[in-house]
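Below you'll find only one chain, the form predicted on its own, shown as structure tokens.
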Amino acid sequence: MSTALRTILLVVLFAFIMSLQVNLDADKTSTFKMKNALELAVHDGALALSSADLANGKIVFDQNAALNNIQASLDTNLNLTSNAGYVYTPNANSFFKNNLYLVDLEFIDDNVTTTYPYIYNNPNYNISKTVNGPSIIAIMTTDSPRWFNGSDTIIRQAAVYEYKK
């Protein structure tokens, strides 16, 4: 009888540890995928420059084109769909199961400041960063795609792409 009880206890303990491990792995993979995709997206967004300002020696982002580039990059790299560019819905075969939100997108270019280094502060997300040139800063958040029940984990990542002056 005691052997059967120990076996049952070990099976329950093994199932608990495995579900915990799978949830933690989902958190880690989500963080990794979202960080890499956001880094690529802000890079793609930074390619949208105003050619008229660039001819005058200023780096000014075409913000609508940049948002479209960011949206296309995130849609492609994370297998998402977005119509407005700030809310991303996972496709059927996406790793993510919950909507992703681009909660903050800021453009610091030569229209904002002409002196660098510029200290960027975002008290809402506790971000402080010294940028050395025109930059795009994006913050994205989602709930982790937990495979087993557990407390909800919010994953938030920020990415900065800057031109150095």
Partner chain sequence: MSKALAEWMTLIIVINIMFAPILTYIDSLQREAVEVVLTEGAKEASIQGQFTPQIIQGMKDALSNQYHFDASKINIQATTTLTLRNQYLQASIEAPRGFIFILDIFHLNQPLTFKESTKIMSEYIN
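Numbering follows the first chain given and starts at 1. None of the values given here were measured: they were computed from a predicted structure.
Unshown form predicted together with its partner chain; subsequent notes refer to it.
Proximity of Ser151 to its partner chain in the predicted bound form: non-hydrogen atoms within 4.5 Å are absent; the residue sits far from the partner. By the criterion of a heavy atom within 4.5 Å, Leu20 is excluded from the residues contacting its partner chain in the predicted bound form. Its partner chain in the predicted bound form is not approached by Asp53, whose heavy atoms all lie more than 4.5 angstroms from it.
Taking the partner from elsewhere, Ser135 is found to have every heavy atom lying beyond 4.5 Å of its partner chain in the predicted bound form. No residue in the set Val60, Thr89 and Glu106 has a non-hydrogen atom no more than 4.5 Å from its partner chain in the predicted bound form.
Residue heavy atoms within 4.5 Å of its partner chain in the predicted bound form occur in exactly one stretch of 65 to 73, 98 to 106, 111 to 119, 136 to 144, and that stretch is 65 to 73. Contacts between stretch 33 to 65 and its partner chain, counted in the predicted bound form as any heavy atom lying within 4.5 Å, involve Lys33, Asn36, Glu39, Leu40, His43, Asp44, Leu47, Leu49, listed in sequence order.
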